[in-house]
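Okay, so here's just one chain, in structure tokens, the form predicted alone.
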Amino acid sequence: MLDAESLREELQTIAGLTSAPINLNFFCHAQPEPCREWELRWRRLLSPYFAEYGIDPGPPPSAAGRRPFSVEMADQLEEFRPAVISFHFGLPSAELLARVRGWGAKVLSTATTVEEARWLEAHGADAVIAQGLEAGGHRGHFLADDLSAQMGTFALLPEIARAVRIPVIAAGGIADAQGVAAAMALGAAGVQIGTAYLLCDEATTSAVHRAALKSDAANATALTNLYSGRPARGIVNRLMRELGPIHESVPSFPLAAAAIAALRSKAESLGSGDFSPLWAGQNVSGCKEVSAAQLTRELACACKL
């Protein structure tokens, strides 16, 4: 979500605080061409909500706000040479990937199927993140859009571990040390945990998002394309209930987000998450209001089980 200038500022700050290796993560989606007709159809669908809140959504944007990994981003990274760079939605171009690997960085990317894991191994990934269907946030699929072909973490993990020679990192539905131990027993070389950290002191999770995670609403999540144009798992809220979590009128990723932004901002100012992407996995039981360091130590106890 950072532009090139903001990324550089963050990297300078981190470099001033630690010499430990860091991991940067980037999306590497294909950038869509804006379609005015599609955007207008999407805004018509949202118009009752704009009227309810007295919002003028303004003209459709001329370009997407979220950019994939690019030469400009690589230019910013050159000086810092991060130890690990992970990607979501496949891998960047061969030229960009060669540049990253030229710094000595280890390359990770997400696979939601065995076929994607094999593709990533064949195209230069050093490790594969096996993302189960339980995982919160955006699905990392990139070879096919068929969600019915995707599996839960503990079904997907051993299949990928058998199919590739590179290390496999498990992600999705893992929230405690016992879950970490189970993933390792099924062939994971490590785990990647997201949802459990959303209530940590250091997390920039919004107030409405934190409230939702601590409520009974967090027990119901669904994959939705309403907030970005691409399926992502979040806590079911008003917009998802009333429009359905997946809607054909939503523009391609990431073009959908622009029209939602004004609704989200207005609702959140009133303390409501009705129009916010409340990303969360299916297992919120590990969410704790503690420091990230404390939570990490608790999760790492799996190594002693």
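Counting begins at 1, following the sequence as shown. Because the structure is predicted, anything quoted here is derived from the model rather than measured.
The protein also exists as the form predicted together with a small molecule; that form is not presented, and the subsequent description refers to it.
*Asks:* Just to be sure I understand the contacts: of 150, 228, 76, 192, which is the one whose heavy atoms reach within 4.5 angstroms of the small molecule in the predicted bound form?
*Replies:* In short, 192.
*Asks:* To verify the annotation, which of these, 188, 156, 171, 117, has a non-hydrogen atom within 4.5 Å of the small molecule in the predicted bound form?
*Replies:* Checked against the cut-off, the match is 171.
*Asks:* Flag residue 137 as yes or no: does it have a non-hydrogen atom within 4.5 angstroms of any non-hydrogen atom of the small molecule in the predicted bound form?
*Replies:* Yes, residue 137 sits close enough to the small molecule in the predicted bound form that at least one of its heavy atoms falls within 4.5 Å.
*Asks:* Would residue 141 count as touching the small molecule in the predicted bound form under a 4.5 Å heavy atom rule?
*Replies:* The answer is no: residue 141 has no heavy atom within 4.5 Å of the small molecule.
*Asks:* Determine whether any heavy atom of residue 224 comes within 4.5 Å of a heavy atom of the small molecule in the predicted bound form, and answer yes or no.
*Replies:* Because no heavy atom of residue 224 falls inside 4.5 Å of the small molecule in the predicted bound form, the answer is no.
*Asks:* With the partner left out here, check for me: in the predicted bound form, does some heavy atom of residue 112 sit within 4.5 Å of the small molecule?
*Replies:* Answer no; every heavy atom of residue 112 is more than 4.5 Å from the small molecule in the predicted bound form.
*Asks:* Of 215-223, 160-168, 179-187, 194-202, which is the one stretch near the small molecule in the predicted bound form, taking non-hydrogen atoms within 4.5 angstroms as near?
*Replies:* This holds for exactly one stretch, 194-202.
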